[in-house]
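Okay, here we've got a single chain as structure tokens, the form predicted on its own, with questions on binding and movement later.
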């Protein structure tokens, strides 16, 4: 289930459009999550990773940044990541097509609140179980869904750690992991060559021994 969706300007976190599941419908108090979403949007900048999932207890924040616009949603932790980011990309593409040129000029929050109609319609199609199965079975066009950075919302908001710093750490860890894999492949290859050389040496020694023995 997707409970909250916000589209904001990346430069200053100004909310441009939003769609919120009514509390009585969802059975959840979303005020705390709305506050976290606002804080997060103010922290994002051009150096932030363009895709990220932030764990918030039994909920997840997912966001997608492109063309100076950030699309963010709040969903159940069990909601498929591929579906969540597909939903955000869909919204981002349509929003930028309709309002992209006007985004830098607006000064009032929720200047494009009428986009809620499209958001509600799109959310319904992505939340539908059949749509989820179809999306999950298709090879995703998202850029390497498995490499989307995962962080904790409390670490980012309360400790004040920049997402760009987390992304740098994640990149460093990926580089180190790749180096370890490369070293492991090299060692395995060298070990294989050593084993082959040992077998060849034994075989050559045996041939020489047999020749001299029979001579």
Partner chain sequence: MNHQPAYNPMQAKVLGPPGPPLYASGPYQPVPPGPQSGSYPVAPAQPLLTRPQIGVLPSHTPPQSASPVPGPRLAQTTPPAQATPPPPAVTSTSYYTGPPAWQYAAPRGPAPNHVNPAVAAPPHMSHGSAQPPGPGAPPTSIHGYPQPAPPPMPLHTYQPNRPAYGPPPTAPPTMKPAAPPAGPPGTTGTPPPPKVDGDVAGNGPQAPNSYNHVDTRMAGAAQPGPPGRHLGHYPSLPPGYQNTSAPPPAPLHPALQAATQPYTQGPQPYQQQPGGPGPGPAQLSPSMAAMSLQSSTPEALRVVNLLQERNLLPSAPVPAPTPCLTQDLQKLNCSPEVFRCTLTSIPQTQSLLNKAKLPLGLLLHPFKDLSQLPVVTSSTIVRCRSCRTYINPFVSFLDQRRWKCNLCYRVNDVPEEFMYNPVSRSYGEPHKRPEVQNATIEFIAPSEYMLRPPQPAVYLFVLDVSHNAVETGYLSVFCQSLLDNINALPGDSRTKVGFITFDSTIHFYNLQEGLSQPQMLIVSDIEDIFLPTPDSLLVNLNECKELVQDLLKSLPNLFEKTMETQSALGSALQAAFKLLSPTGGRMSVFQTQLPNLGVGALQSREDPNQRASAKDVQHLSPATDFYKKLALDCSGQQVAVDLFLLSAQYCDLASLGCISRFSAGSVYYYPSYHHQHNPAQVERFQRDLKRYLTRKIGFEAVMRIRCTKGLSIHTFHGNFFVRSTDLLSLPNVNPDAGFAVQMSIEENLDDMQVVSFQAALLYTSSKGERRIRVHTMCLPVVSSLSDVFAGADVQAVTGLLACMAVDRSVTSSLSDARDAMTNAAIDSLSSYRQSVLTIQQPGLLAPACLRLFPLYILALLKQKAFRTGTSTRLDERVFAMYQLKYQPLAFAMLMIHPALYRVDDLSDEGALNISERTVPQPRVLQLSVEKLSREGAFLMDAGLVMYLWIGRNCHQNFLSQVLGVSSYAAVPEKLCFLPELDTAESQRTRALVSWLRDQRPFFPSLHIIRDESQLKPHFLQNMIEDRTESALSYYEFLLHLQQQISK
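Positions refer to the first chain, counted from 1. In this text the structure is predicted, and so the values were computed from the model without any measurement.
The following text describes the form predicted in complex with the partner chain, which does not appear among the structures shown.
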{"item": "35, 189, 47, 58 - the one with a heavy atom within 4.5 Å of the partner chain in the predicted bound form", "value": "35"}
{"item": "Residue contact check: residue 66 to the partner chain in the predicted bound form, 4.5 Å heavy atom", "value": "no"}
{"item": "Distance check, residue 127 to the partner chain in the predicted bound form, heavy atom within 4.5 Å", "value": "no"}
{"item": "4.5 Å heavy atom contact, residue 78 to the partner chain in the predicted bound form", "value": "no"}
{"item": "Touches the partner chain in the predicted bound form: residue 121 (any heavy atom, 4.5 Å)", "value": "yes"}
